[in-house]
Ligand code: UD1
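The data below hold one chain only, encoded as structure tokens and taken in the form predicted on its own.
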């Protein structure tokens, strides 16, 4: 669509969000709100994308860094008509279609907007307005028509009469304008006597007074035009988008056992024949391969899972890589920069942080592996920890291939355990262990025969007398 330039209005302060964060930066299924209209325009293949932003828009610029978009500043909030007028210099000489849409409308689809542009071309209109019929029109401008159903005017709610407020056809805030006529007409838009700003619906009246063709297109699904002005509306938009994500994933061969309880960001990709159990949260740039199973109440964030991975109940995984055939959990925690090679087992109540665990190795239960490199076919016994922090700095533990670490061992870093070594259960190891060695680091056991009976008698003598109520 090289005859189309898009203008996205993102200068509003969003005071109704009651937040220090600009409205268009509030997260919605893993993306900032502003990214949805930007991605829509880029997906349509428009010639240029211009964002009208306010003077405090550094966060917006950072959020869209690397995207092929341009920024135009509206120094003061003077309304949507004034916002579009700020692009006059940037679009000087452009005579194609100027697509205008809000930065807070994340539900619009490419199909709907492409339909609007096609209708605009066919009608040879100077302006085309997207409309919708909704049950609750509160907060939206109303579409007013004459007896022949032709568009007569668009009235903002604050200026509407009681009768006009009863109209259920609303202005969706998405327009196609003829670039050659746009900016001269914008300068004729009157300032609202109520809000002291100039609004794009006033541009429609300017064109109608000039007896120029203004066309309307009604959206087939009214949910697409939901604008986000409050946190409640943000939550409503999330429900709609989440359903779209779930429908797409299921069409691609993913099984969601209970879609209503799955929370999957729009940024997540999942391979076919993967099964997602109830209560799962998948966030950010997470990718899950084919044939995986993610059991209930797991949270996976910004992580990569290869094929045939099983994540058991209650596990938390963040910024980690898991190779094919691994089993994690239940109730395991993979912290950032954990890398599991193929067919690794990280079991019940284990924590892994900034560590590499080699192929075929097992950390079955109740262990902590941090700042470590573990080789292949290693067994780490229950209750074992790498003591990686000395109070001042983190240190590395290296465990070579085919090592057996017994239960309840403390490996005090920095330390290296050689290939094939055995660490006895209950040991605290503070020095390097050569390959094929057996290392013990236990305190001597002391056994005093016959003392158990005397100890029990002493405890009974010291115990307080029982009351009658007991």
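Bear in mind the structure is a predicted one, so any value in this text is a computation, not a measurement. Numbering follows the first chain given and starts at 1.
Unshown form predicted in complex with the ligand; subsequent notes refer to it.
At the 4.5 Å heavy atom threshold, is residue 384 in contact with the ligand in the predicted complex?
No, residue 384 stays farther than 4.5 Å from the ligand in the predicted complex.
Report yes if any heavy atom of residue 216 sits within 4.5 Å of a heavy atom of the ligand in the predicted complex; otherwise report no.
No, residue 216 is distant from the partner.
Is residue 176 close to the ligand in the predicted complex, meaning a heavy atom pair under 4.5 Å apart or at it?
The answer is no: residue 176 has no heavy atom within 4.5 Å of the ligand.
Residue-level contact is defined here as any heavy atom of the residue lying within 4.5 Å of the ligand in the predicted complex; does residue 200 satisfy this criterion?
Close contact exists here: in the predicted complex, residue 200 approaches the ligand to within 4.5 Å, heavy atoms only.
Using a 4.5 Å heavy atom cut-off, which of 388-396, 69-77, 372-380, 107-115 contacts the ligand in the predicted complex?
After filtering at 4.5 Å, what remains is 69-77.
Candidate from 314, 227, 358, 325 lying within 4.5 Å of the ligand in the predicted complex - any heavy atom
So the residue touching the ligand in the predicted complex, by this definition, is 227.
Note that the ligand is not shown here; using its position in the predicted complex, name the residues of 368-383 with a heavy atom within 4.5 Å of it, in sequence order.
Sequence-ordered list is empty.
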